[in-house]
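Take a look at this single chain, the form predicted on its own, given in structure tokens.
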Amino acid sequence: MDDALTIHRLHFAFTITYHYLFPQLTMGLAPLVVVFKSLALWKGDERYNRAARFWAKIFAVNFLFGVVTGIPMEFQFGTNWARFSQFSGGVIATALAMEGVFAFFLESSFLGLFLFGEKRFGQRVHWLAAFMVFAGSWLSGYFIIVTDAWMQRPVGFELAADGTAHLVSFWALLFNEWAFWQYVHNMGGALVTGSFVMAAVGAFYLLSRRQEEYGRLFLKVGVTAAVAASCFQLFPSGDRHGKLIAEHQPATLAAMECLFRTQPGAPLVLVGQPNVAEQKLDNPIHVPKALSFLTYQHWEAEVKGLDAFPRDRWPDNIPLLYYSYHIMVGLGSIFIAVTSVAAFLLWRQRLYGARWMLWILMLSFPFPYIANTAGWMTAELGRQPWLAYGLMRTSEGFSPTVSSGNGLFTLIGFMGMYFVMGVLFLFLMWREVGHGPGFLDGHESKTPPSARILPEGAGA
């Protein structure tokens, strides 16, 4: 592998994929921690307080690893992608700076207050801290999405005499329509991850007959959030984001569905294997005319295929894009099915005794991570061959003075360090889940009895 561009792309793909394993859980857990804290204040039940503190500890560990793995990505803009940074820094630096100055410090400051300030400041301030952690984490996600959305659909800029992009409308950048729908779809995916992890831990406690009272709490909140978030991913967020792709990146849509020929009444592919050499889909199973209807609300609408675009504007890895997209959609459909059945059992008060469903929920928690990774691969592979869509190609944006050997050396180094970090992370997670919420009051094996929250200012 002596191609420097390939190494730089692999390097960034590895670091950003690994990094996003952590923020998707923190962003998904943040609103659920607020739910538990709100229930604690509303019902005066100490169990919800312990549940909130337990998940805040899980949040904190993920937040720490997210920070550690996120910092190198900022440096990679300068070390591996210097030309792109020079071209677009006048635009994207604004959103990235706001993420650090406002959102990150908001989230980290109130996280410390939530973890260590309950006894000192009382329950209402503790609830406020939980809410501000949620606001900071979701605001941080928005500024990052704004940056990526500008790369997908550049707005609010002008090209200077030296060919670099400069921001001329801050509000156009901030309220980019692409950013809004990409953001709500991304945060829905994060909530799917957080709620599945919560439900999995609850199922684990019930199956292992340890801290079963908390297991029921986690299942109730986790399953309820999971079914709502999974359906939201299908409609409206996924539906609207797909329409934006059809409008602004039609070649991407064609590649996602491996539609090589422009045609009216285009089918929606369920299964098939891309054959780029012969420009066809092998062994296809599809729903006739469904793609036309889903995209344009008309069964006979014409959908542009890849033959409508010059070959040099096609995404450069169509098979990987196709599989990433269909893995995301396929898993999303499974999530809706699983959570709907679980929600039905919860409604009928049969979930806690349905061991077969508890096993499904416990073993399902890795799949939202896979679905979110596949979703981001779909977005970034679909944007190719552009770094900034229609403005700068990926082949023009990397650092020409950083050789493939240098890039490969640092990539191998990161892989080694991240492997060690991964082992440490799994150890910490296993330890916290093994302790459970009861450990916060010295009860590791049995669920502690319900307790009332102490008076305001006295702590718990």
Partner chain sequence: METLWFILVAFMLVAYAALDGFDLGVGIVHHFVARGEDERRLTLRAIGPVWDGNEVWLIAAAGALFFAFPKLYASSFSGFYLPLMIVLWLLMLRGMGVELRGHVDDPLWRSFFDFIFSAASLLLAVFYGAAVGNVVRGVPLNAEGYFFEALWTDFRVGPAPGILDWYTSLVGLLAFATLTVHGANWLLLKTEGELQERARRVAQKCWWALVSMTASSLAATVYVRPQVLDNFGRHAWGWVIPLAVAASLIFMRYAHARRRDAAAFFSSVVYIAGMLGGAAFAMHPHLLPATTDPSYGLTIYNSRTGAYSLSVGLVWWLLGVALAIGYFTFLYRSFRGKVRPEEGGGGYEAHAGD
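Bear in mind the structure is a predicted one, so any value in this text is a computation, not a measurement. Positions refer to the first chain, counted from 1.
What follows is about the form predicted together with the partner chain, which we do not show.
- The contact with the partner chain in the predicted bound form, taken as any heavy atom within 4.5 Å, belongs to Thr79 out of Ser237, Asn317, Thr295, Thr79.
- Of the residues Phe110, Tyr352, Phe309, Phe180, just one reaches the partner chain in the predicted bound form with a heavy atom at 4.5 Å or closer; this is Phe110.
- Only one of 361 to 369, 89 to 97, 327 to 335, 299 to 307 places residue heavy atoms within 4.5 angstroms of the partner chain in the predicted bound form, namely 89 to 97.
- Gly117 belongs to the set of residues with a heavy atom inside 4.5 Å of the partner chain in the predicted bound form.
- Residue contact with the partner chain in the predicted bound form: Ser85 places a heavy atom within 4.5 Å of it.
- Of the heavy atoms in Phe63, some are within 4.5 Å of the partner chain in the predicted bound form.
- By the criterion of a heavy atom within 4.5 Å, Thr394 is excluded from the residues contacting the partner chain in the predicted bound form.
- Taking a 4.5 Å heavy atom cutoff to the partner chain in the predicted bound form, the contacting residues in 402 to 437 are Val402, Asn406, Gly407, Phe409, Thr410, Gly413, Phe414, Met417, Tyr418, Met421, Leu424, Phe427, Leu428, Arg431, Glu432, His435.
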